[in-house]
Structure formats: C-alpha cells, structure tokens
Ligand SMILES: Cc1cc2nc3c(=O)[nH]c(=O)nc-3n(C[C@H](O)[C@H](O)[C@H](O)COP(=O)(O)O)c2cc1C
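Below you will find one chain, with nothing else, as structure tokens; this is the form predicted alone, and questions on how it binds or moves follow later.
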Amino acid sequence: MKQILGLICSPRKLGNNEIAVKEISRRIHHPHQLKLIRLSDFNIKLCRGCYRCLIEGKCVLKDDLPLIIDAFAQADAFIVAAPTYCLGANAALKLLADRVLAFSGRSREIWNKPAVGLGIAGLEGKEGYTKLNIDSFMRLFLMKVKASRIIYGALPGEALLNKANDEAFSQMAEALFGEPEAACGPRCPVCGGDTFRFLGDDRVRCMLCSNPGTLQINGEGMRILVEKSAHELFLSEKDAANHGAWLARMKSKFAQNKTDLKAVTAAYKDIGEWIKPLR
C-alpha cells in the first residue's frame, strides 16, 4: 500500500489547507495511507548556513528536523499545501526549504517521488508568488512534480464550498499516481516552470530553475526558449549532488582565505548600533 505524506503549512487546524489535502486523498483511487505533518507542530530552527550537514552528514542543530526527514524518506508520494500570506506562501514552507541541505544524505530516498502542490488564497488573483514558492519547494526536495494549482477560499471550509475548486481536487488526485497535469500556457523547456522575469528586449529568466532565455512572439503565438546552465540545482540527482559538493568546496575555500576575508569585513564591524531583544 502506498504511503502519501500530506505537508500542511498552515497552522490552522481543519483549515482549508488540511481539508484540501484530505479531499485530494479521498479522491485517489490507489490504495494508500495518508500521513500528515503540520509544520507548526514541529520545532524547526533557522538554518545557520554552516554547511556542516554536507561535511558531517547531518545537521548539528537540535530540533525536530530528523522526524521530518524520516517521514519524507518513508513516503511514496507527497501532497504539499500552503496558504497565501502577504502575496506568498507562508513562512513555514520557506523555513523548511532553507533546511533542504540537511536532507542530502537521504536524497536517494526522496528523489523522483511524485508530488502535487496546492496553494490557497482568500481572494482570486491575490496569490502573488505562492505557486512559485510551492513549485520551488517540490523541486528543491527532488520530487517529481505532477501538478500544482492555486485554489481560492478564505474562511475555514470555504475551499470545499467553492465549486470551481472541485475539478482541481479531482485532477490533482488523478495526477499524483497518473499522468502529469497538462501544460497550460508558456512553460520553461528546462524545468517546466511557468513564472518568468522579463529582463528587457527579448530576454527572460525562469524564476523556478533561474536559467536565462529568450521570448519569441510570431504568428503562431508566444514561445519561451531557455537553456540549461553549467550549474544546476535540482534537474537531476547528479545536479543536486554536484551543488552540494560545490557548497562544501566553498566552505574549504573560506577556510583557506579566512585571514584575507576577515581583513575585508573587519572595517565594517563597528558601524551602526544594534537593537537587541530583551531577555
């Protein structure tokens, strides 16, 4: 029996994120067990950027992250749901995404597992970059993105009362263990992303894989061309491993050049007055 991990980024119990994940699960025909993680239930500390997880094989921070890593490794598929806060996915999603390097030792247990992502916004069109946040999260964790959607619902339970969301739930349920969602609109030919930054003239940058490209408009419509760079992050398991190795080399390079780098930063040490929290 398949095990699906539902990742709930909203702190609301029985809110739209939780019930949407459960509704998608109810519509999946394959026999499965639904496991759930509400990120706000866990103590997840801020990444310190020390890279010791890459060198020592595990994160040195003492928190609940090992429980989440185990759950990711044991899952066969994922449903990721995040609410829109201030035109983007709420901070819980990014907090966990920033700790992705701590998962590197078990990346083979996560790589290419199917996933669908769901962003929920209270007002139509006011989701901002929530979908991009969710797409980025799934790709950084090396999941195989089968579908991602934005649905609308403000009050708890409203996402299910909105009939426009009904089709989305069914399509995501079908896509998780079936064929991926059909592309709608221009997509990045490298990563499948659908969010772009327009840089002027005909230049664009995919905001998911961060690769540059060009925009072509002719009688047949609009076409976006993007090429892989020499340094990718998540397009393959090898890319992720190479990026981890690069980060480890940067730490070694810092150690070798520590004296010179400290001489540069020392001139800035006493500029400004720090405001400190009360203890």
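In this text the structure is predicted, and so the values were computed from the model without any measurement. Just count from 1 along the sequence shown to find any residue number.
Only in words, not in the display: the form predicted in complex with the ligand, which the text now covers.
Listed residues 209, 175, 121, 92 were compared with the ligand in the model of the complex; 121 is the one with a heavy atom within 4.5 Å. In short, of 186-194, 103-111, 163-171, 76-84 it is 76-84 that has heavy atoms within 4.5 Å of the ligand in the model of the complex. Using a 4.5 Å cutoff between non-hydrogen atoms, residue 12 counts as a contact of the ligand in the model of the complex.
The closest heavy atom approach of residue 203 to the ligand in the model of the complex falls outside 4.5 Å. Residue contact with the ligand in the model of the complex: residue 154 places a heavy atom within 4.5 Å of it.
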